[in-house]
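The form predicted on its own is given below as one chain in C-alpha cells.
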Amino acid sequence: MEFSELIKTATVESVLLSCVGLPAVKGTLCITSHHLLLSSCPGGDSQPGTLELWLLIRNVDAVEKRIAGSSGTITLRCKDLKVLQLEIPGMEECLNIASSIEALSSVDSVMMMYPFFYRPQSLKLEEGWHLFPLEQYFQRIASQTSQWRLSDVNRDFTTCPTYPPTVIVPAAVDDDTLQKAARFRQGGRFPVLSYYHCKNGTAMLRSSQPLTGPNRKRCREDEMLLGTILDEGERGFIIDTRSAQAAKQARMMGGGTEPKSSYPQWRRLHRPLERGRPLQESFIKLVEACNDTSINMDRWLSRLESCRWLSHVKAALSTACLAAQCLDREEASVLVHGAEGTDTTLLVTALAQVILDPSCRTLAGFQGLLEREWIEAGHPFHLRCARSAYSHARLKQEAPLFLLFLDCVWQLSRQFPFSLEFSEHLLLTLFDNAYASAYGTFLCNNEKERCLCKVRESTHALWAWLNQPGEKKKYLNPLYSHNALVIWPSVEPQSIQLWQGLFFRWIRSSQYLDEAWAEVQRLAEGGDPPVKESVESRLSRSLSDPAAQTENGR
C-alpha cells in the first residue's frame, strides 16, 4: 500500500482553523502520509512568524464533516482529547480531505506508522532502548538476597508469548518446572517476580489465572513454584482483581482460582477492578461531560457520578494500597492476577511500587517501572489504545488502563506534592504518546511483536527524547525532595479529585497556571523572571506535535 493512494487532495488554500480558547488561524492546509499541517504568514508570505498546526494523523480519533452550500466544516476529535475545526472552501475539497484523514488515521499496520519514518538529527536509533535492562534491576535484588534468579526460559517466546525473554523467578525452581507451570496458567503467564521489598524480604509476584477448570485440575509444578516463596509457617496473599462471582464463572470456562487445599499457605482476596468495555465507556462518558459547558452544577455532579471514573480511580488506588500493606505492614508476600494478567494486574503491581519504593518516584526510576511493569510485561498497548474517547467505531478491545494508572499517579502527586521527582507534564506526555507517538516505545502488544517488527532497530525510544538535558528539565517537579518513606494515599471519596490538567486541558486556558509553575521553578532554581509568552507562541505550542516542533526548529 502507498500512502499517496489514500490522499485524495493534498493541499487546500484559505482553510480556517479554530480551537477552543485560541484565535482562529487562516492558511494553507497540507496532508502528508503522517501529518496534517496548516501554515499561515500573518505578515505576508515573505514575513517570518508562521503559525502552524502540525498534527500527527494517528492522533485523530474521529472525523466529523458538515457540508453547507459550496463549503464544508471538518471537526477533528483527537485521541489526546483536543478538538479542532477546519472550515474548508469547496465541497469536493472538504469531502476529499475528510476521506483522506479517515483513511490515513485508520492504517493499522505497525510498520506503516510514523515512528518507522521519524528520523530526528539529535537522536540515534539505538539510544534509549537499553536504559533500563532487567539485569540491572535484578542486580539490586541480588545484592540483598540469593532467593531469586534470572531465567531465560522464554528466550524464544515459546513458554509465554506475552512475557519478555528474561524474567526473575525463585532460585530454587528450575526452567523445566517453569515450563510446566506455564502450561497451567492462561497464556503461559506463570508467576514471576514483580517487586522485592528490601525492608523485610517480602515479594510481589504477578501471573495470569490458573487453568483449574470445572474439574479443579492441579499442577504440582505451579504449587511448588508458589510454595518455594514462603517459608514454613509463613502466609501469603493472592489478590484477585476479579469478583468472586467472575472468578467462579471463569472456572466453568476453563480458568479459575488457586484452591486452598492445593495452596494452603495462600489466602485469596477478591478486589474487583473494571477493565475492557465498562472502563472505556466510563472514559467516554467523562469526556462527554467535561466537554458540555452548558450544564449547571447539579447536572455536572450527576454526570460525574454516573460515569464512575473517579470510582475506578479509587478502586485501583485501594487495591494497590492493599498489596503494599500486605508487603510492608503484614510482612507477607503477594501474588496479583486477574484473568489474562496483562491489564488490572499490571495496574496494581505498578501502583504498589510507586507507593512503596522511593526509587520508582524519581524520573529515571518511573521510566524504568513503566518499561518493566507495562511495556515488557505485555500490556497490549496497540489494542487498548487503538481508540480514545471520541471514536465512533464499534468498541473492540480498547480500554484506558494505562490512563487510569497515570490518573492514580497524578492523585499521588497531588497528595504528596514533594515526593515525586517528575511533574504532571510527564504524565500528560505519556498519555499522549501511548495513543499517538513519533516514538516506538508504546508500539505493539508485547516484546515478541516488537522483535518481529524490529521496533528497537527501526524506531527511536521515547526515553531518549525525554532524557535530553533540554527536554528533561521540563518534566521535573521543582518542589521535589527525596522521601524515603512509604507514601500511603487517602482513598476516601473526598480525597479523589478529577484530573483537570488532562480532562480540561483543551477546554480552558492553562496560561495562568503555567505562569505560576514557571515562577515556582524560577524560585526553586534561583533564576531570572520568565519572559511572558505571546499569544502566537502559545497557539503554536498548543497545536503542534512536540516531536515535530523539535524537528521543525532546525
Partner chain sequence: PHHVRCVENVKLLDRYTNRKAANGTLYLTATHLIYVDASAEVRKEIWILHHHIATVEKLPLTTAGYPLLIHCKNFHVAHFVIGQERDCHEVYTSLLKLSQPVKSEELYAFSYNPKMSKENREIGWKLIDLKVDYQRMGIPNDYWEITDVNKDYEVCNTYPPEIVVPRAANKAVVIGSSRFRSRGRIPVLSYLYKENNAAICRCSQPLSGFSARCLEDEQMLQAIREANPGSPFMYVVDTRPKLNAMANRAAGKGYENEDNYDNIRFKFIGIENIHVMRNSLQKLLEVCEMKSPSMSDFLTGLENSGWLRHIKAVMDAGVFLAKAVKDEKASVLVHCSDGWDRTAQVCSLASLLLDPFYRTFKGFMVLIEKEWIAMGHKFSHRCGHLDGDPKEVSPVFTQFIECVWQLMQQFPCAFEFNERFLLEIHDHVYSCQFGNFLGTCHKEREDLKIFEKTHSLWPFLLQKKQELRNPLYRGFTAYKELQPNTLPFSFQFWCGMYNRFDKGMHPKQCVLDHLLSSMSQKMKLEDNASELENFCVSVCIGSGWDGVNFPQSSPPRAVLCVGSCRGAGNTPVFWLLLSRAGTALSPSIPASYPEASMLGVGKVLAGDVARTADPG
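Numbering follows the first chain given and starts at 1. Note that the coordinates shown come from a computational prediction; the quantities given were computed from them, not determined experimentally.
Beyond what is shown, the protein has a form predicted together with the partner chain; the following relates to that form.
Open item on the list: Contact check in the predicted complex: 131, 161 and 172 versus the partner chain, with a cutoff of 4.5 Å between any heavy atoms. Do all three pass?
Closed with: Contact check failed for every one of 131, 161 and 172.
Open item on the list: Partner absent here, but in the predicted complex, which of 339 to 347, 370 to 378, 424 to 432, 298 to 306 has residues with a heavy atom within 4.5 Å of the partner chain?
Closed with: Stretch with heavy atoms near the partner: 298 to 306.
Task: in the predicted complex, the residue from 109, 245, 481, 143 that sits within 4.5 Å of the partner chain by heavy atoms - done: Checked against the cut-off, the match is 481.
- [ ] Let me know the one among 37, 496, 63, 502 whose heavy atoms come within 4.5 Å of the partner chain in the predicted complex, would you?
- [x] Spelling it out, the residue with a heavy atom inside the cut-off is 496.
Open item on the list: residue 27 versus the partner chain, in the predicted complex: is there a non-hydrogen atom within 4.5 Å?
Closed with: It does not: once the partner chain is placed as it appears in the predicted complex, residue 27 has no heavy atom within 4.5 Å of it.
Open item on the list: Contact with the partner chain in the predicted complex for residue 485, defined as at least one heavy atom pair within 4.5 Å: yes or no?
Closed with: Contact check for residue 485: yes, within 4.5 Å of the partner chain in the predicted complex.
TODO: State yes or no: in the predicted complex, is some non-hydrogen atom of residue 490 no more than 4.5 angstroms from a non-hydrogen atom of the partner chain?
DONE: Result yes; residue 490 sits at the interface with the partner chain in the predicted complex.
Open item on the list: So in the predicted complex, is the partner chain close enough to residue 68 to count as touching (4.5 Å, heavy atoms)?
Closed with: Result no; residue 68 lies far from the partner chain in the predicted complex.
- [ ] Taking only heavy atoms into account, state which residues of 325 to 342 are within 4.5 Å of the partner chain in the predicted complex, ordered by sequence.
- [x] Residues within 4.5 Å: 325, 329.
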